[in-house]
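Quick setup: one chain, the form predicted alone, written in structure tokens, and binding and motion questions come after.
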């Protein structure tokens, strides 16, 4: 059936108008604002590329690269742990061990809890005085390992990463489980008939056939790692303490654009420059992801 162009236009217009208002317009406005200095009131002052220079080479360089490194570190650790652990757990579930339906539901439960609630729950669990973890360590005679998990600069960011893994692991388990289940049973049965053991089947059939799924997850993790904000905000606040040890580009942008206790500088133009740089970092990976998806079709 041939669709007339004006009918097609009628159908896509509502979505296009909403997308323009809530995505395209704010995006273009943000880039435009990055060339100005503006605290939110009064006239904007045109400063050209000064915001970008200050961010990359000037007075704001240290804060920016500190946050950028945390985003990169977050991506490296999370992608290794979540994808590999998700694969291992999915492999166990794919064998359909007794009670795997219940376990599959349990492991996905943290994904449906709001990030604010996750921050509240883990804030209590990690509390240095009344927190469950320190109480357990003391009860089993390992009290010397008890510490201020979110108050020690050497442990705070890794602790937040561990909470993030707890929150999202269920998603990666389900995706990897779907990839394993979709493998043709004939391949595995033929391998066993030829005398392969379980390890050979995993190494030569399951891992190679689930690598494309892992590649997609890693590309998505890169994009998501540069938009991480809520969990750090919920556990450490906009200051990203202690001593900026949990600061990422999201919290740096929020603190710079909208202010807050401990802000080095408040300027919406400078905040817009940070967001524009985040976009330039994520853009090539987004294109790579789209190309990967298109190629698989």
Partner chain sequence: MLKLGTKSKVIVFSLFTIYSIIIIVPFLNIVMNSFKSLSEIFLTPFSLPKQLRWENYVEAWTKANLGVGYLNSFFISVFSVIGILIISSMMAYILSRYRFPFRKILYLYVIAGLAFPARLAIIPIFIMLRDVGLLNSRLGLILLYMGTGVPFSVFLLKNFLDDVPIELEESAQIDGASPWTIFRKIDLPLIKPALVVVAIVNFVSVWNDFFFPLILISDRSKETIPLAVSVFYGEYAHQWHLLSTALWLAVVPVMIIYSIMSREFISGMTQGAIK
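Because the structure is predicted, anything quoted here is derived from the model rather than measured. Numbering follows the first chain given and starts at 1.
Separately, the form predicted in complex with its partner chain exists; it is not shown, and the next lines address it.
Enquirer: Can you work out whether residue 161 and its partner chain are in contact in the predicted complex, taking contact to mean some heavy atom pair no more than 4.5 Å apart?
Expert: Output for residue 161 is no: heavy atoms all beyond 4.5 Å of its partner chain.
Enquirer: Counting only non-hydrogen atoms and a 4.5 angstroms cut-off, does residue 230 reach its partner chain in the predicted complex?
Expert: So residue 230 counts as contacting its partner chain.
Enquirer: Verify the contact flag for residue 29: yes if a non-hydrogen atom of it lies within 4.5 Å of a non-hydrogen atom of its partner chain in the predicted complex, no if not.
Expert: Judged by the heavy-atom cut-off of 4.5 Å, residue 29 is in contact with its partner chain in the predicted complex.
Enquirer: For residue 91, is any heavy atom within 4.5 Å of its partner chain in the predicted complex, or not?
Expert: Within the cut-off, so yes.
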